[in-house]
Structures are given as C-alpha cells and as structure tokens.
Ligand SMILES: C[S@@+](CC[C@H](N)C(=O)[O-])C[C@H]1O[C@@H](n2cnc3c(N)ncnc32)[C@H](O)[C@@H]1O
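Take a look at this single chain, the form predicted on its own, given in structure tokens.
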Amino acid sequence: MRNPVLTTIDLVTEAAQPDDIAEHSPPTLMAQHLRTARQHIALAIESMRLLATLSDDAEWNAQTDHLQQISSFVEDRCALFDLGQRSFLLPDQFQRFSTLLRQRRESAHLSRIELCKRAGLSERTIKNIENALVSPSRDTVVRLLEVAELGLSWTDVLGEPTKQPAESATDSNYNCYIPPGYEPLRMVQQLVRILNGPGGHIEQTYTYLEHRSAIAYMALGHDPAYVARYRAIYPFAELARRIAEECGQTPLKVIALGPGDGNLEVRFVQQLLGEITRPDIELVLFDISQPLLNAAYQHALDTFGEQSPVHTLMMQGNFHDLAMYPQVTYAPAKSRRRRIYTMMGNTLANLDNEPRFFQHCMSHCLPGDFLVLDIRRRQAPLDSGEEAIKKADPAFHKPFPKPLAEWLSTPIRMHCPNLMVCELSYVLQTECPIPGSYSLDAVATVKLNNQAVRRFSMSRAKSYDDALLVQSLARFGWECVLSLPIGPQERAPVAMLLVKRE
C-alpha cells in the first residue's frame, strides 16, 4: 500500500503541474465527495418540490429554498474543481494505452525525461499514464502522437471500431454511449437556479432536457398543422439521389445532431436505402435529452427492423462538445464511412453562434463529409429595417403558437413555485453572427405571486438569406452542393441545404 503521507508530500512538490495530481490526493477525494453531494442534493430538492405540491403546508417550500441555497454553495465549490471535465479516453482504452505507451517508449530506447522533452510534457504526466493512475487529456494524447519515435496512431489510442452482429440487434438490446462529463442532474440544477433568479438567457438544449419538457416538445412536432406544412413535405427523395450520386456504394455514417423524435432522420435514411444497391448505413442519434433520444432510437428500430442494413446507435451528450467524442470524430484512414451530418428541425437556427460551431465543433470534419441543414428564409429584403422585417414576417402578425408556448413554458411551470402567469412573445434581434440573418427570440414574461416580473429568453429561431449563409459556410470549408425549397414554390419560407466539406 502506498504511504499517504509520502504521497501528499510528493504532490505538494509537484503543485505547479495541475494535470499531474495523483488520483487519490486529498483534493481529488474532496472532488469525489462534492460530486456525490450535489447528486443527492439535486434528488432531495426534486423530492421536496413534489412533496410541496402534495401538501398545503408552506413550510415545504421554505425548507426547499434552504436546500437550494446549499445546492448553490456546493455548485460554487464544484466550479473550483472544474468537475465538468473528464478523461478523454474510455477506461478500457486508457488501460490499453498506458501499457502501449510504456512498450513503445522502451522499444524506442527513450527515457521518460527524453520523451517529456520531445512531447512537451512533464515527467510526472508520463509516469502517471504509464502506471495507469491518471488518464490523459486530448491535448496530451495529441502531443504523444506527434513523437515520431513512438509510432503511435489514433487506431492505437482508440482501438478499431467493432461492429455488432446483425443477429444480435434486438429491440431489447439498446446500444447507447453516455460519455464522461454528461451530468443531467447538474444541468437541471443550473436551469432551476436561472429560472428562480432575476431573469436571463436559457440555452436551447435545456428546454427539452426533462421528461415533461420532452413530452411537450414531441407534441409540438406532431401538431397536425405543423406536420402538414413542414415535416410531411421535406424533399428527401431528391436529396438522397444526390448523395447516392456523390457517394456511390460507399458505406455511410449518418450522424443526426439533435434529432428530437427522429422522424425526419429516419425518413431520410429510408430514402437513402432506396437509392443504394448494397446499403450499409450506421445511424448515430446524438441528443442531450434522454427521453427524446430513447424515443428516436425506438422509432428507428420499429421502422428498420432487426435484419436491416441500418445499424442504429445512441449517443447522449451535448453536440456543442462534438469534437470531444471519438465515436463521432474518429475516421480510420482506410475503409472509412462517408459521414453525413444532419441538423434538421430548425437545429442550426437554434445555435447561439453558428460560426463558432463550425469553426470549433465541426473542425474534425474531413473532405467529402456532408452536412444536411434546413433553414428558415428571411421574409424581408436585406436592406430592411426592424419595422420592415416585422411587417414582412408573418410570425409578428398572429398569436404566439399554442403548442410552442406549451413546450417553452413547461420548465418554468415545473421549477417556479410562485408562478402566476407566463406569457410568451417574439422579440426581434438583428445583431446576429451570420450576415443577413435575424432572430426571433421567444421571450417568456413571468409574473409571480409577490408581483415580481421576470423575463427569460427561452428559444431562438433565426431566418437566413440563402446566398449570405452559403458564403459564411464557405469560409469554414463547406461548399453548397444542393439547395431545395421545402414546399411547392421556389421561394418557399423554408429550404434544405446539402453542403460538402471541401
């Protein structure tokens, strides 16, 4: 057994190297207890809120507020340890890599000090990896890959992807990856803190994180008027034909970002199956909401069946961190699948900053990768002022849609115990990152029983000028291959774009 006193002294000596802290140091033990504490507090708060709804005793709400204060204190301490960060490698990958690194270093006749100089890392970092004590960050792995004497490749690090036999894919055999660092309880806590504060900006993904919010979102997607006007008329047949022309008989990997209930993505893959002679498609459903992800996965299984050439996977996480997921970003040099990313159902328009997303989150994409987008076209000329935009855009000339209001107000009704009234309206924003675009910001005005009024920005829906959006995408290496109206007219209010990585 290691001497804990010696271990602590050793760590103090290396305090200048934060990445090198050993796994069982006092700070790390505190971090582990903090994680446990905040999970239990989150569960306690949720239970207290449910008890408050079942009782006429106001003391339940008062005591819940005390718990909320404790939760805020714990969250502040968690921030000091940056607990959102996790290992880049999965446990089995790390165990394999730690052994391989030592073997390659010794075969190259390199000492740890020599390797540290070549990689720009500390000796303790190498020692901790080789002894399987601390799993490396992505940056550390990249530096080691650049040491020519080691001869390491991404295949050595991540391992060869394995295929699940078709006969083993049954309805009860779910195939899901939940990455390190995905903490829905913490996200719900943050949402509750914002909604019970003075007002603010709600990140889009938080609006369908929980089950009741997901149910309201699915009801919005199944609204008959919405289905008839948009979902039922997507031009998937023409889109699939063009992709088949570009890709031939190459195996495909369709990565659906934010698929919601999966309806559009499954229909798109169905069209691909009809265009390819020998289809071999991997469908990756990537969403932050567990209820929606599960619904989309089940819909895919029900549609394609057990013996289908479509192999469906689930990934639960935030696609703003897409570059951190090797299951999506890794592409072997030989026999790689052509990747087709999809952002349908207004997903692009919900991003707070599209250029940042393409510059950083999609930086791993390789030449030949595709991206399928649907966009809302701007309804006013480019030189229009705010009044002219409001006059031209039909959203400002009718009541706020009830299904949309039901979805966006659900988190507020769930987590604001003193709520009296919640009203939603559109606010026009013309300062947007993509030239020529403007945003309809869905703002909730919340009135409480103490007469306080709060305003929350719940969701954004941007409208784009086709040509300027295509120019912006080109700056980040994406060429427009196809532009299709969603509807019978050439200038339909919604369009679909197929873009290709140059």
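Numbering starts at 1 and follows the sequence shown. Just so it is clear, the structure is predicted and the values come from calculations on it, not from any experiment.
One more form of this protein, predicted together with the named molecule, exists but is not displayed; see below.
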Taking heavy atoms only, is N350 within 4.5 angstroms of the named molecule in the predicted complex?
-> yes
State yes or no: in the predicted complex, is some non-hydrogen atom of R193 no more than 4.5 angstroms from a non-hydrogen atom of the named molecule?
-> no
Should Y217 be counted as a contact of the named molecule in the predicted complex, where contact means heavy atoms within 4.5 Å?
-> yes
Spell out, yes or no, whether the shortest heavy atom distance between F319 and the named molecule in the predicted complex is within 4.5 Å.
-> yes
None of V266, L252, L424, I288 but one has a heavy atom within 4.5 Å of the named molecule in the predicted complex; the exception is I288
Interface check vs the named molecule in the predicted complex: of R143, R242, R231, K117, the one with a heavy atom inside 4.5 Å is R231
Just one of 148 to 156, 311 to 319, 271 to 279, 92 to 100 has residues with a heavy atom within 4.5 Å of the named molecule in the predicted complex, so point it out.
-> 311 to 319
Within 248 to 263, which residues come within 4.5 Å of the named molecule in the predicted complex, counting heavy atoms only?
-> G258, P259, G260
